[in-house]
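Taking the form predicted on its own, here's one chain by itself in C-alpha cells.
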Amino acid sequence: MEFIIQRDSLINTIATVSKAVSSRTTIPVLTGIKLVASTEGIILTGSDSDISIEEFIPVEKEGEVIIDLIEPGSIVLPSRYFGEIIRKLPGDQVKIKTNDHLTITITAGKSEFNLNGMDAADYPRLPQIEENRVLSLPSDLLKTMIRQTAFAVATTETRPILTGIMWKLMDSELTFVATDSHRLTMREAVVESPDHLTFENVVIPGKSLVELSKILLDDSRLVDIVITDNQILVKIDHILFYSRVLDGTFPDTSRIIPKNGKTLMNLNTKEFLGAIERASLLAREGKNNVVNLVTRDDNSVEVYSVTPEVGKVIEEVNPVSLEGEPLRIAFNAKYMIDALRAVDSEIIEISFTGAMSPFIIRPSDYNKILHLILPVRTNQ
C-alpha cells in the first residue's frame, strides 16, 4: 500500500473515525484504525464493537485532487499514535507506504516515522445491513433531538435498556424517549417518511448517539437512517455510522405522565435557570443536590436550598403567571438544570400535581418536547 494524501483531509477523517475507537477494549486490533486504499480512494474505519464509523476519502473532491499515486492495500494502525503523528507533521501532504512485516513509513517534509501496524484481515467486518427501512432526516433536527434527550439516559447498567434512547415512528411522527427512572424526557418531530414505514421500541445506546451528534452538521442537509432489529446505520455524506440496538423492551412511560396539573406556572427560562444554578451551589454539597421551591401569597416563587454544614441560599423569582393550589416541593437541582438547558424557548411552563407527584416542564410556545422530574422527599 502506498499513497500521498492532503494532510488536512487525513486529519479530519482520523478525528471522525477515532470517535469509535476505545482504548479499553480487550481486542487489540480494535485499538487501531483500519486503512484500505483502492484506486477510488481511501477508507478509514474505527470501531469499539458498539459503534463503528467508516469514512471514505475520494481521490478527487470538487475538482481538487486529494490523493495521488495510490497503490492498493490495507493495514490497521494504532489510533493513538497515528493521529498524533499526522497532526504534528509539517507541510500540506503526507506519504504513507507499507513495508514488510506490517510496518509503515509516514513521510512529510523532512520528517519520517516508522510505525508498527496490525493485519487488516483480523479487523471485524462491518455489519451487512438490508436497507428495507430507511428514514431521511435533516441533520440539524436529528442533532437537536439527540441533544434534548441524551442527558436523561441512565448512566449505570442496573437496567441496561435505560442506557438508551427509545425511537418510535408512527404516522410520520418521530419520537425519542429517555429516562433513568428518576426523570424522563420526550421529544417529538413531524418528519417526511414513506407511508409504510413504522417502528417502535428501537433503543439505541445514549453514548452512541452522543458520538453521532458530534459528526452531524448544523444544517438542513438530509441524512439517511437505516433501521434493523439489531443495528442502525446513519449515512452522512462520505461517512457511515453504525450502532447496535439494545435488546429488551423499553418501559411504557406514557402511564406516568400526569394529565392535569394543580399548580401551573410560566417562568422566564433564563431567569429561572440562573436561580436554580445559584441555589445548587450549596445544594450540591449534600447527598441529593436538593433544591426547594415554594409559592408565596404575593404570586412570587421562592427557590432555596439548605445544607446545614455549609449554609443556606434563597432566591426570589417572579413568574410570568402563576395559578392553582399553593405548593411546596423539593427536587434534584441537576435534573432541573439539564431540562432547562435543553428547552430552546424563552418561557417555560411547569405543571405540578402535588408535592410528591412527578411534574412536567414544557416550552410555553411548543408542544413537541416534554420533561418529567420526580420530586424528592425531605423533612423540611
Partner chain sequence: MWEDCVEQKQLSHMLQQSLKNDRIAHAYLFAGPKGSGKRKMALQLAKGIFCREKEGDSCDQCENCRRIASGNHPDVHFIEPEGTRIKISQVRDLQKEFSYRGMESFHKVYIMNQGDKMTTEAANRLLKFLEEPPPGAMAILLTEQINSILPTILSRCQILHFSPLSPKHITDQLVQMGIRPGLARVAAIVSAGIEEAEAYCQTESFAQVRGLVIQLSEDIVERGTYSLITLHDRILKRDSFNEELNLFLDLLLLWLRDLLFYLLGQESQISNMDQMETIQKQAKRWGQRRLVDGMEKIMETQKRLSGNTNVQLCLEDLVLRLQEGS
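None of these values were measured; they are calculated from a predicted model. Just so we're on the same page, rigid core means the largest C-alpha set that superposes within 1.5 Å between forms. Residue numbers count along the first chain shown, from 1.
Quick note: we don't show the form predicted together with the partner chain, though the next part is all about it.
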>> Using a 4.5 Å heavy atom cut-off, which of 266 to 274, 303 to 311, 237 to 245, 89 to 97 contacts the partner chain in the predicted complex?
In response: 237 to 245
> Using a 4.5 Å cut on heavy atoms, which of 219, 130, 229, 171 is close to the partner chain in the predicted complex?
Replying inline: 229
> Between the options 338, 316, 50, 323, which residue brings a heavy atom to within 4.5 Å of the partner chain in the predicted complex?
Replying inline: 50
>> Using a 4.5 angstroms cut-off on non-hydrogen atoms, would residue 58 count as touching the partner chain in the predicted complex?
In response: no
> With the cut-off set at 4.5 Å between non-hydrogen atoms, does residue 78 touch the partner chain in the predicted complex?
Replying inline: no
> Hey, in the predicted complex, is residue 83 touching the partner chain, heavy atoms inside 4.5 Å?
Replying inline: no
> How about residue 28: is it within 4.5 Å of the partner chain in the predicted complex, going by heavy atoms?
Replying inline: yes
> Would the partner chain in the predicted complex be within 4.5 angstroms of a non-hydrogen atom of every residue among 191, 194 and 363?
Replying inline: no
> What are the residues of 93 to 131, in order along the chain, with a heavy atom within 4.5 Å of the partner chain in the predicted complex?
Replying inline: 119, 121, 122, 123, 124, 125, 126
> 2 Å or more on the CA of residue 354 between this form and the one not shown, with the rigid core superposed, yes or no?
Replying inline: no
> Against the rigid core, is the Cα displacement of residue 76 between this form and the one not shown at least 2 Å?
Replying inline: yes
> Has the Cα of residue 336 moved 2 Å or more between this form and the one not shown, judged after a core fit?
Replying inline: no
